[in-house]
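A lone chain, given as structure tokens: the form predicted on its own.
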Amino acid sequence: MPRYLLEIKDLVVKYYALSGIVRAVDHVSLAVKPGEWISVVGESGCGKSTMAYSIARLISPPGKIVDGKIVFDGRDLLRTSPKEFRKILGREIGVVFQDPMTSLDPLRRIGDQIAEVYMTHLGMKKKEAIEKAIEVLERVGIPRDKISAYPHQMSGGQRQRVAIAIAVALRPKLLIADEPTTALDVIVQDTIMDLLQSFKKEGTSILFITHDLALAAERSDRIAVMYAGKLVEEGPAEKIVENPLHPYTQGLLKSVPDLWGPKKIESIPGYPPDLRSPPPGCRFHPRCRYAGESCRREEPVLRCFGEHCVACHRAWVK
């Protein structure tokens, strides 16, 4: 078995807008081990979803993957033919999108949408595929009498579980979950996280995209922090939470409320940069209280201290 199921190497994704070129993902490298849960955390617009959709080759114009490699189970996905890639996506890589109301077809019954996975990839007949659809629906906590329902007849949490059912129907090796708990109440959110955890226990690797560092810390083996298209910190979840090295990660943790202690919530001053013209040096330096001259002039490289990696000139600052 290879050490890594997924390796993203020096990935560059740009959006060619009329107002300028947006550097959405700028030389990002990340790896996921078999059976591992890794969460990618950052503010909206930091590039985390763009990176995830690049794996599934779902970047469409004006976006373009301009450089890098995405190696999945020994195959470079960016150089795989469309015919071969269709066999991988859905069967070996599952994707759960942020809003199931837009990813599910509103005009088709949910049973037909799940059954299509089995019919397309395994060549099953419709009757057999529907039976498999019922099985996977019950696995995600949806009763079989919902098999004929349309998406609009279900709650937000139920729709998200249907989206997960489609993504995991063929027991993929990798599950990409793009903020699957957004707009759900905390009880349903916990149910969804338990569901994802159950698939991880069965050997599925999870790439979890979220802006919620506290949520990521609860379940992840490792956490990767992105800021302004760059990977700024990555390491085991407990190290990221207990000893964050990057000032941006420290700021994210300080913005998480503590219901049981006297901790005061602190916001990160300022706003993320315009990725059409990011600042020179460290992209976080206009918002960083530790920034020095080198931070304004030189772009930091990702350095590793054991398993804990950080891109910061002043990573020693506590």
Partner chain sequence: MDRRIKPKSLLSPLAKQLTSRLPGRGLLLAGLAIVLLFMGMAVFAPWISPYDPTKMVDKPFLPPSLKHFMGTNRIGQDVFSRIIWGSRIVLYVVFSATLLSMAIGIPLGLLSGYRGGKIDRVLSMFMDSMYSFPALILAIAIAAVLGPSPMNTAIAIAFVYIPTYFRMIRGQTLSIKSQLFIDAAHALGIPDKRIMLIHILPNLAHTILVVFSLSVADAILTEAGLSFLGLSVTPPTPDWGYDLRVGQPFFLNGQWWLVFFPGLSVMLLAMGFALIGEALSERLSLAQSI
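Positions refer to the first chain, counted from 1. Predicted model only: the values in this text are computed from it and were never measured.
The form predicted in complex with its partner chain is left out here; the points below concern that form.
(message) When the contact criterion is heavy atoms within 4.5 Å, does K48 count as touching its partner chain in the model of the complex?
(response) Within the cut-off, so yes.
(request) Answer for G270 alone: is it within 4.5 Å of its partner chain in the model of the complex, judged on heavy atom distances? (result) Looking in the model of the complex, residue contacts with its partner chain do not include G270, since no heavy atom lies within 4.5 Å.
(request) Mark Y16 yes when one of its heavy atoms lies within 4.5 Å of a heavy atom of its partner chain in the model of the complex, and no otherwise. (result) Contact with its partner chain, yes.
(message) Contact with its partner chain in the model of the complex for P280, defined as at least one heavy atom pair within 4.5 Å: yes or no?
(response) Judged by the heavy-atom cut-off of 4.5 Å, P280 is well away from its partner chain in the model of the complex.
(message) Exactly one residue in V22, L11, C295, C309 has a non-hydrogen atom within 4.5 Å of its partner chain in the model of the complex; which is it?
(response) Of the candidates V22, L11, C295, C309, V22 is the one lying within 4.5 Å of its partner chain in the model of the complex.
(request) Identify, from the list T191, N243, Q197, Q98, the residue with a heavy atom within 4.5 Å of its partner chain in the model of the complex. (result) That would be Q98.
(message) Quick check for you: of 58-66, 248-256, 28-36, 282-290, which stretch puts a non-hydrogen atom within 4.5 Å of its partner chain in the model of the complex?
(response) Result for this chain: 58-66.
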